[in-house]
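Let's start with one chain on its own, the form predicted alone, as structure tokens.
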């Protein structure tokens, strides 16, 4: 029997790889090194050779033992008892926990690469603020209980606000906490290109195996992550594939996560049946980061790069780059690179010099009422729609009147224009709000302090 098993060993390995869909890297790492050692009393012994004690034997026994046993029995048509061990059994007893963890880390890195993920995107490295807290909480819940809580999860927001960071954090979290989970991340562009390649192959009258392989790739996963789904607009065949994959995964209670630059109802050129699927679970948005979040992002990025920067430098960057996280971090990186080139310390003057052409080469950025309203909303942790509403409680009327005051101070807009932006009937309301805040500041130090903070954000120089 031993000779028969050795003779059939290549067939057994081929059967094992194909039948249980083992990836190339896993097969080469864990299966291919196995050697047939002995067969006695219906016990087949396999050896996993290694020059050190760090062999990953426990991992093989946990993940692949039953697959290997089935593959052998199928090919020799006989039930056996299977033992997988090291060249010297003492090595098993002496295996160090630290070395085992090192092997597990290597395995996790391989799984992350196979899933098309970037390991730097984690929940730990994501800075949470009022602009993204709901998106972060729901993403973590989806990662902790895939397919159970929010399915699908649809995250939308502008460019560079952290959607990719969150969607990949979900994948990395699942892989780190479930050694058996299959995760796949792709961008909509890559997915569309795969569909185009399939259509090309079909026209060339090749076999349907490529199409079957493509569909199995996306359907045999526990978590599917698709970034920038808005790019399927007006791509009928791509939409059809997404629709069918979605239905298959959803029925199996597998987690699906999409990101987009707009909410489902605002997406054009996409079939209604797909829009309905996108809205079937939970839709959350990410806004532009407020001042406090921008400062936190800059501090965390600086710490990651090994720098402790003066508060004035960080404030300057935070006040001048407000659109998204990507340009915020890029500006900090530029300042640090500038200091290295100049071989000088990072000061406020150096930061201004480094970022001068990005901010405005010829003139100061114009202050608008829209910007002021956004800043006030951020500071008081309310929405712009609350400020521009008819709500009468102090929680909303005070910030609303502060907007009126600051718009009068910092812009050339007329009272009628300010009233229109705040959705008030006439300019008298704006005039009243301006005068009320101006007088209240003289008697209320706390209010004056709040407005002084806003003034620094509006005009830091």
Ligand code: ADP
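Positions refer to the first chain, counted from 1. As the structure is a computational prediction, the values presented were derived from the model and not from experiment.
Keep in mind that the form predicted in complex with the named molecule is not shown, yet the notes after this line are about it.
Stretch-level contact check against the named molecule in the predicted bound form with heavy atoms at 4.5 Å: of 217-225, 268-276, 111-119, 127-135, the positive one is 127-135. For the residues 388, 181, 336, 297, the 4.5 Å heavy atom test against the named molecule in the predicted bound form is passed only by 297. Checked against the named molecule in the predicted bound form, the candidates 374, 241, 329, 194 yield a single residue with a heavy atom inside 4.5 Å, and that residue is 329. Not displayed here, the named molecule is approached by residue 158 to within 4.5 Å at the level of heavy atoms in the predicted bound form.
For residue 325, a non-hydrogen atom is located within 4.5 Å of the named molecule in the predicted bound form, even though that partner is not displayed.
The named molecule is not drawn, but in the predicted bound form it has a heavy atom within 4.5 Å of residue 165.
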